[in-house]
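Given next, in structure tokens, is a single chain: the form predicted on its own.
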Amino acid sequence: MPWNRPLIIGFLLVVLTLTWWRLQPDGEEVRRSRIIMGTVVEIMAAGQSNEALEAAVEAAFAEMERLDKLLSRYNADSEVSRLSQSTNGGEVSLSTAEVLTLGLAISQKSGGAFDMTLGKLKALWDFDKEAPTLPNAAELSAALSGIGPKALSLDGQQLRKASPQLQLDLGGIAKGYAVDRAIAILKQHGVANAAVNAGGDMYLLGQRPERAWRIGIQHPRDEKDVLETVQISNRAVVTSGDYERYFEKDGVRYHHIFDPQTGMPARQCQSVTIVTDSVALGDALATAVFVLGPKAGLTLLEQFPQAEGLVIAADGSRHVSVGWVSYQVVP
């Protein structure tokens, strides 16, 4: 789920989870928000003294800000920017190596549907500008030249690029990794019940006083409608959709989730929601499944027994993995 998207997904999910927070019976609660990685990050923690919770939340924010400085392609001094500007790669920090290791594994298993080498393509489309325009065939061809699963390799903390022109973009995994790290920091501070939401990339730690968290998944064609509700505890929830960042031209929707084979927006899905044990994994899998489409995407999920998925196809039909039913809340 790329950075800097609108906040509607995350806002809807948070609204549906926070009704319990003031009912927390033991200890205090803290709820804080901050803009990190181009989106609003909200951290909620409960069950300890207010002073302890404040320290835990502040430490979690500090970790996410540290990672933003490493992993953002928008920061000219970040490791990602340095690697993109380098001739053939270079040494990376342990955190960056962990992100790259997971991303390369998903890239390989998905046949390149998840791709961290789309920096030039994303800059070409530039969904961050006020009025994005359609690139032509020659521009797309140039942006796609030399990309793919074999364009990067990692040996320990040494990254190798196949081409000097290759530009990295970790937006489809880095934010999820940052949420995972924030949860790890909260745990280190003894927090047992918490939620971290970075623009819709969420992890729910612990549970409500009487039952697990309930999370609403936005309908991809009606922002005011809840498509489905899931009940989870100690799990990540990530959604990728074609309604997050898009523009329309001549009746055609052009969105920010690209098919690396064509350089054009992927066309087989409206949205994909993944529930799994890691936000970074869910982030990468949601993108890969979206690109692959319902059939191939759910086949990919079979390689990850810890992950379940809900796919809304381009025609609006609903497709789920075998274990999805275990998270559903029956109306």
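So that there is no doubt, residue numbering starts at 1 and follows the sequence shown. It should be emphasised that the depicted structure is a prediction, and the values quoted were computed from it without experimental measurement.
Form predicted together with a small molecule: not shown, discussed below.
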With a cut-off of 4.5 Å between heavy atoms, is S271 one of the residues that contacts the small molecule in the model of the complex?
no
Heavy atom of A45 within 4.5 Å of the small molecule in the model of the complex
no
Residue-level question: is K109 within 4.5 Å of the small molecule in the model of the complex, judged on heavy atoms?
no
Please run the contact check for R214 against the small molecule in the model of the complex: heavy atoms, 4.5 angstroms, yes or no?
no
Any chance all of S72, V92 and A178 sit within 4.5 Å of the small molecule in the model of the complex, going by non-hydrogen atoms?
no
With the partner omitted here, the residue among V191, A236, I257, L166 that in the model of the complex has a heavy atom within 4.5 Å of the small molecule is I257
Could you tell me which one of K161, K122, H219, R82 places a heavy atom within 4.5 Å of the small molecule in the model of the complex?
K122
Please pick out the stretch from 137-145, 246-254, 170-178, 226-234 that is in contact with the small molecule in the model of the complex, where contact means heavy atoms within 4.5 Å.
170-178
